[in-house]
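This document opens with one chain alone, in structure tokens, the form predicted on its own.
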């Protein structure tokens, strides 16, 4: 009976996830490009050898990983603070929660255009302020050392409400009696946060962490609109590199190899994040109040 109930979900997952994954895996072992007349030809793993020796691929992996870790870390920290604030019994908190979610509701392309204008040189507001102060132009979107941070700021602004919403749901699922019991035993707010709040919302933190790592590692539209991968490919993501190979060079076999390679790296990263969170949870639980 249980098997029958989960069968529709299993079929749906197979259609939207497993089938494309298997297809990309098959395509990664083929030479399938405009050079082969768009006919799939077995190339004996040449795509994978090319991938391992592709400096641009590893550079984009580094840039994507840097972007993902920085943005998700900042989002998680800010989301916990925002969720705790929104969990308080304050007047008009329903309206405040709705306003907080507005950045998440905006389409990424529209949001990215807005941030591109904010960081624009010389007409954006930041450059205008520096000009009024008599400072040198920052040239945010044309300086490789700081352009990637501009994309991080835009991503943090948009997606922090998403994590905050998940963590808020976790906070509201905690019985208030637990805090009362700890207070009667002489515990303070710090011990309540360490011994009750963090352990009980850790599944929500892990869930949001996995979602955001997957989204951040596959970032495309934000980078495409804000910087186009520039300057000098310094903000190019791995998804953009796969897109360029498929749509600009019509090398679908190598593009599939890039996607599978990045998927394997992302899966490994999520597994390591799971281990780290579990270890951290154990350490926190073993602390004395």
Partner chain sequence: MYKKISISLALGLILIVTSLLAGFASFLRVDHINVLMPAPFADSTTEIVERFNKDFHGKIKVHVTRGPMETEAMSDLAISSLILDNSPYDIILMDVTWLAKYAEAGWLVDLNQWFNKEKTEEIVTGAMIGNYYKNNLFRWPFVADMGLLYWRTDLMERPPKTPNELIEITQILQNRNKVKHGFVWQGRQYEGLSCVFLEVLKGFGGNWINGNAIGLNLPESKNAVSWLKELIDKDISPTSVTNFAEPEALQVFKSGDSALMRNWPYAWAELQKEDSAVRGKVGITTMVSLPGVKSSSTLGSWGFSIMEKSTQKDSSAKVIEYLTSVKSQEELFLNFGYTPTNIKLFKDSELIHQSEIIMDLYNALNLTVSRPQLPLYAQFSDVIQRELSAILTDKKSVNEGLSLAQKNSENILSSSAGRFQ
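Residue numbers count along the first chain shown, from 1. All of these numbers come straight from a predicted model, not from anything done at the bench.
Below, we refer to the form predicted together with its partner chain, which is not included among the displayed structures.
- In the model of the complex, its partner chain stays beyond 4.5 Å of every heavy atom belonging to residue 185.
- Proximity of residue 150 to its partner chain in the model of the complex falls outside the 4.5 Å heavy atom cutoff.
- Proximity of residue 195 to its partner chain in the model of the complex falls outside the 4.5 Å heavy atom cutoff.
- Using a 4.5 Å cutoff between non-hydrogen atoms, residue 249 counts as a contact of its partner chain in the model of the complex.
- Contact with its partner chain in the model of the complex, defined as a heavy atom within 4.5 Å, holds for exactly one of 73, 191, 121, 130, namely 121.
- Out of the listed residues 112, 141, 205, 156, 141 is the one that sits within 4.5 Å of its partner chain in the model of the complex by at least one heavy atom.
- For the partner-free chain shown, 34, 35, 37, 38 of 20-40 come within 4.5 angstroms of its partner chain in the model of the complex, judged by any non-hydrogen atom.
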